[in-house]
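We begin with a single chain expressed as structure tokens, specifically the form predicted alone.
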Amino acid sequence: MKALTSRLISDTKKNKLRHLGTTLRYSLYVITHPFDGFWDLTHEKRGSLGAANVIIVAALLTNILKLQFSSFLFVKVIWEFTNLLEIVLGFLAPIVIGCLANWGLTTLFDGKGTMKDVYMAIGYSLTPYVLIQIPMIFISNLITVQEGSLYIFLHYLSVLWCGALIISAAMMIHDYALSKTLLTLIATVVGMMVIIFMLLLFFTLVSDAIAYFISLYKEISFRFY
């Protein structure tokens, strides 16, 4: 019985890993056939949250490796004055906030995509960033400033490719026309700013309240003790 149970668990893990590998490889199809790719990603269930998580983590690690190992001629980072936590949050926070803002707005404007669909779309859209930026780390250490146009070209190619994929994803998962998609994405950016403002306001009020009670406690302690 134990052997059968362990075998079932092993088979389940293998199936999950096989499914993860399949959905990861599907990202290569998505970035070259964005309209069909993103439609099948959500409607035909050819994507997975696991693959999206892997791509986002890979993009984050790529960003950190780029800051660490790229030539100082192109990327200048003074690690003594750099907070790694800020880099991580600065990369992940826009993704999370963007998902919330886009899903909230599209829900009000007849968007078909769910929060899961939006998150997966963003994850798969970051695939070109990983595929292009990693070779750029090595390229930056092999070229001079005079040859930097290649580095700049590849950088903007990765960013613009990701941007085009995000637009395509929004069109497919929400079933929008291009004009409505662009308006929704602009509204999403505004919504992200509003969310960030509300979060900053909330944490400011909380910190002020904590500081007030600490000072009140110190004052009481000073008077009675």
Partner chain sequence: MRKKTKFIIFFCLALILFPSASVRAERTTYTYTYDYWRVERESPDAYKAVETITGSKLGIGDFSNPQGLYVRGNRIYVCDTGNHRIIVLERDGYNNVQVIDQISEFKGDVENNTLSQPHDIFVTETGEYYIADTNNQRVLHLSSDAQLIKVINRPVDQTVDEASDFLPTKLVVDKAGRCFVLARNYNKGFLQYDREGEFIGYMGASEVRFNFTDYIWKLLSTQKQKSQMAQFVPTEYNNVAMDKDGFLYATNSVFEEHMLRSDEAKPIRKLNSMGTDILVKNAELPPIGDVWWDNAGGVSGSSRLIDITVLDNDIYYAIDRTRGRIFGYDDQGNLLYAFGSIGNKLGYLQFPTAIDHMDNDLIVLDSRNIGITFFTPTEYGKLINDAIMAYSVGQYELSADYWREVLRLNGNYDMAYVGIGRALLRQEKYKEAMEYFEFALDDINYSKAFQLYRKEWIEDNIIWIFTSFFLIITVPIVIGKVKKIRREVAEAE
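Everything numeric in this text was worked out from a predicted model, so none of it was measured. Positions refer to the first chain, counted from 1.
The same protein has a further form, the form predicted together with its partner chain, not shown here; the description that follows concerns it.
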### Message
So if I measure heavy atom distances to its partner chain in the model of the complex, which of the stretches 89 to 97, 102 to 110, 124 to 132, 141 to 149 falls within 4.5 Å?
### Response
141 to 149
### Task
Although its partner chain is absent from this view, report whether Phe153 comes within 4.5 Å of it in the model of the complex, heavy atoms only.
no
#### Entry: Heavy atom of Ile137 within 4.5 Å of its partner chain in the model of the complex
no
### Any non-hydrogen atom of Met115 within 4.5 angstroms of its partner chain in the model of the complex
no
### Query
Which residues, if any, of 74 to 101 lie within 4.5 Å of its partner chain in the model of the complex when only heavy atoms count?
Lys76, Val77, Ile78, Glu80
